[in-house]
Structure formats: C-alpha cells, structure tokens
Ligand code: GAL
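Starting off, we have a lone chain in the form predicted on its own, written out as structure tokens.
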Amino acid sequence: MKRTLGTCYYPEHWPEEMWAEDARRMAEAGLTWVRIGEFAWSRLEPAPGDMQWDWLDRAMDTLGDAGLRIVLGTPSATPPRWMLDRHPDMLALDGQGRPRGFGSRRHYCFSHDGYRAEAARVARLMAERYGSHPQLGAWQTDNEYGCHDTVISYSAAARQAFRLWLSERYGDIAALNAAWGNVFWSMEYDHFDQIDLPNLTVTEPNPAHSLAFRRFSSDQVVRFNRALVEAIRQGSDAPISHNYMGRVTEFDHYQTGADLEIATWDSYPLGFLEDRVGADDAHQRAFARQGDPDFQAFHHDLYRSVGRGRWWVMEQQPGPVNWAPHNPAPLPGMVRLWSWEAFAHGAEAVCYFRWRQAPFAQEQMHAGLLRPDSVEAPGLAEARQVALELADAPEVQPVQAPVGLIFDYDAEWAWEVQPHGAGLRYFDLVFAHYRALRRAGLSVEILSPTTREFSGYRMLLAPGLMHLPEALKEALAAFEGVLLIGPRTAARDGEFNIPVPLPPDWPGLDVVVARVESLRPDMPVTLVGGGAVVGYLEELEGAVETVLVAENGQPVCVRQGGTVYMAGWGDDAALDRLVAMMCEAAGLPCLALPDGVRCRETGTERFWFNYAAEARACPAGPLPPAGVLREAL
C-alpha cells in the first residue's frame, strides 16, 4: 500500500489568482491529495436553484493541472441561510428544547426529511457534474457527524420519527410496554403517538426509553449518510468517505461506515488532550505539546476497523488549534511523529488541516501549513520531511495484530444511560485497557461487536459489554486464546432489564455477580500486590481461581480456563498486572515501556515513537524527544 500526504483547501476563501501558486506549492511540498468543497454551499448555490459551478470547475482544473488528486466534499454540514427560510423547522433542539441556531455550522436535525432531501439533492448535482472529472479521487459526505453534540435532537421532527421507529421496532404498544417495564411508575402507553422524547422529565426517564432513543438517533445518522451516498453513486463510482472525530460516540460508526469505502478521521492531538482525553493535570502538563501517547493510536485502530482496512487521517493538526481550553504549539518534530504513527497503523493518506490559516471568522486562530500571509508555518517543513521519507520507505504490509479489543457503541450508550457512578464511561474503560496493552508494547486491533471470527488472535479483551448479543457471546466463549470479560458483562438484556440467571452467565465460568457498588474517587479498593479498583466494583460468588484480590480478601479478578473475569475498574497498576498475567498465559512478550514510548508492528517494520519531551531509550536504541525509529522485521 502506497502512503501519501494531502491538505485541506478552500479556494472560495482566496482570490482566484492565488490558486495556481497554491497548487504548485502543494505539489512541490510532496502533497498528493487536496480536499475541497465541504463548506462551500453558499457559493455553490447562493439562492435556491441558482447553481454556480464555474468557480469550482476552475478550482478543480487548477488543482488537477498541478497533479493533485481531489477529495470533493458534499456541503451539508453548512446549509446556507436561505435554507432556514425554506425549512424553518430544520433546526436541532437541545435537551432543554432550545434551537441550535444559524451562525455557525451543523445546525440541522438529522430527522428532518426536507433537509435530508436538500442535502441529497446537492450531493447528486455535484456527482453529476464532477463524477467523471479526471482528478476526482474520492468523495467525503458532509463533515464530522456529531461534532458539537449535534446527533441528539429533541425537535418535533425527531419526535415524530422516533414514534415511527418505535412502531416499526416493536409492532405493538403492549410489546413496548412489556419490554420497557412501563408498569413501573404507571408509565404504560396506549399508542405510539403518546410517547415523547426522554427529556424534560421530572427525574430520570426510563433507561429503556433513553437507550431506545440513543439507538434511534444513531440510526438517523446512518439514514442521512446513506441518502448522500446513494445520491453520489448516481453520478460517480469514486470511493466515498466520511471524516469522523475523536471520542464522538453518539452514533454507530460501524453502521455508518458500512455504506462507505473509506473511513477517515480528524486528528487533533493537542486539542484533544484537554478537551477529550480526560487526563489529570500532571499528564496534561507532561504532554501539553505532544498529545496523549495513546489517544490518536486508539482512533487509528478504531477507524481502520470502521473502514474495514481502508482509512485516512483527513485532518491532521499541523500547529496550534483555536478551540481547546488552551492551545499550545506542538513540540518540534511532533507533526512528523503524528504522521508516521498514522502510517504505522495502516493509514493510506495523512492530510493536514489546513493549507493556509484563515484571517477571518471562527477559525482565524487555527494554524495551517502556511500563515495568513502565505509564509511557511513550521508544520510545512515537517510535512515536506515526511514526504521525502515516504519516497524512500517501503510500502506498508498489513498484518493482523495478536490482540483484539472490542469497542461497542451500544455499550457506550448503555453506560451513559446508567453509569451507576459519576464519571463512569464505557469509552474510558476500554481506553484504559488499550493504554495498558500499549504500555506493554503490544499491537492491538479494535474489533466491531459484529465480529464473529477470532482466529489468529492470541488475546481478546471485551470489557464492559453491558448487553451481549447471544451470537457474540457464543463466538467469544468458543475463542481458544485468553479472553478478558467484565466488569458489567451481560449485565442487561437488549431492553435494559437485569437478566436471570444473573450475569455474567458465562459458559464454563462458575461465577455470579451478586452485588455491585460504585466508589467515591477518594475511596479506592487496594489490591494485594499493588494496584487498586476505582469507580466500580462487583461482588462475586463462585468457586474459581482468584488472580487479583483486594486487601480485605474480596476477589476482584478470577480465572477459569482461558477466560478471565475482571469484577472492577482497575487503575493503571492493576491493569498492567492484568495484562502481564494474560500475556504470560497467551505466550506473548510483555514489555514495560518507558513513559511516553510506544511501538507498533506492520508486516515488515516495527515503529518506535517517543511522545515524551525528554529523550528515552527503547529496545531498538535511543529516541530523542518527538523521535521516530523504524526497524525492519
């Protein structure tokens, strides 16, 4: 697989006389791809039906003449102002019933049929005009679904669509009442039109109602994206992508990605460190100019799974951003490190956001590869260096990692609906396990919960799957390697009821979760031999081997055969012990990498990365700050 670079460009932002020089400089820097068009609706259609193609025709020809391949974005993330006049009820509403108004972006409701038709219309027109353009290489639908908390909408359109979704799912109102347990608090309905959205209730709504609404909201994103894909395919056979975001979990990316050929995501390591990682102050200080050592890698692996092997970084941070609580500049060398890390995880392309910093509007403090005066910004030199290194690098040879880690969006929604303790999130639980695997020097693959074939893996981890479909349970139980499940495995059925027999009800594992508790942050349960349980702990009954035990004698982690059940949320030390134990059982090497050092293997190379601000040693040799070391296997 050939590795390439690109950038994001907005010809509508710049005088036309600048376009050819910009294109020449992009190609000179070693860039191959340029993404355009995803925010340009007001210039493409300044009034309803008044399509202005000429400027985009010239822009695409100019970029193509320089040898650049084009990713053309459909512009539905930024509907023009006249669209709101045409569809005044298209706005999403927040949980308090307030409209998400015009003046920024992503203000539409996914459930609004009229707006979805408009978005599909403009996508179809773009495909008809540019589907056979010689430099068109790929499409992008919309932009960053879910960014700015825009999946969940409490609009009238969402309410009506939710009622229809429920009637199709349950068929009969009595079946819904039974599934949700609506006899509790006299919540029974007579017909589907009585059901409202689960907001503005006096106290918490029925968790089954809330989970159903989360599943519905995800399905609306899938439906919206599918309408764009079907419109594009009427006029083009080029591959179609979408650019996902970091830690946006409000919709199922696997289901959305099933309609696409390529998954891409937008990687902003410094912005995410404070905004999304959830790290403490000491960690944020240590990695303020580098980003978290594992957050980007986790999403690389996640979106490789979403894209079924084909994935890109569509937006790579090249300098300070404008939207995080604090916006430092990257440590010298980090743009190069982030780029190579993506390629080590199998990226086909890394595209930098953006070509030139905008001197106006909301993102004027967001750095690009060029300053607003067209002078090179520091990130461009590092991008140019990566381009030169790619020219001499062998093509990537993908290889299956020895460890699989399941990530399930439905489990994330279930934990959000019923965390049982403040701040307990499924994403954080899975990410904590991913971190521990990376600290041990392991390469990891993120797996969809629809995966049923696990041959080739030595270890599987499936923590926190609150609802476990029977087919997945059977496939995991048949796995012949070392399997980790828990906490909260199979704790609810598909309608959010506690099942009987009590969980985990696992074949060959004689253990029952008898009671659960959530823990105050200042009340960890320490373990014999080191580490602690934080946040969440289960009380187990059963006669199985105990491998981690609390100082009060309570079993915390048990094992029977190749199945390991973790009955609590382990801190870093506890998870390091757990991973080391599993590696020994699976016959995998377990390293204790220095702080900030990580590695990743392909079929032919092993990559070492140093996220620390100081030099570090690794098994392959010394690593300077922001250092990257490649060794042949």
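All residue numbers refer to positions in the sequence shown, first residue = 1. These numbers come from a predicted model, not from an experiment.
Unshown form predicted in complex with the named molecule; subsequent notes refer to it.
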Contact with the named molecule in the predicted bound form, heavy atom within 4.5 Å, among 445, 348, 274, 144 goes to 144
Checking 105, 169, 86, 223 against the named molecule in the predicted bound form, the residue with a non-hydrogen atom inside 4.5 angstroms turns out to be 105
Check whether residue 268 has any heavy atom within 4.5 Å of a heavy atom of the named molecule in the predicted bound form, and answer yes or no.
yes
Does any heavy atom of residue 82 come within 4.5 Å of a heavy atom of the named molecule in the predicted bound form? no
Partner contact for residue 189 in the predicted bound form: the named molecule, 4.5 angstroms, heavy atom:
no
Check: Counting only non-hydrogen atoms and a 4.5 angstroms cut-off, does residue 315 reach the named molecule in the predicted bound form?
Finding: yes
Given 548-556, 363-371, 430-438, 487-495, the stretch touching the named molecule in the predicted bound form at heavy atoms within 4.5 Å is 363-371
In sequence order, the residues of 340-355 that place a heavy atom within 4.5 Å of the named molecule in the predicted bound form are 353
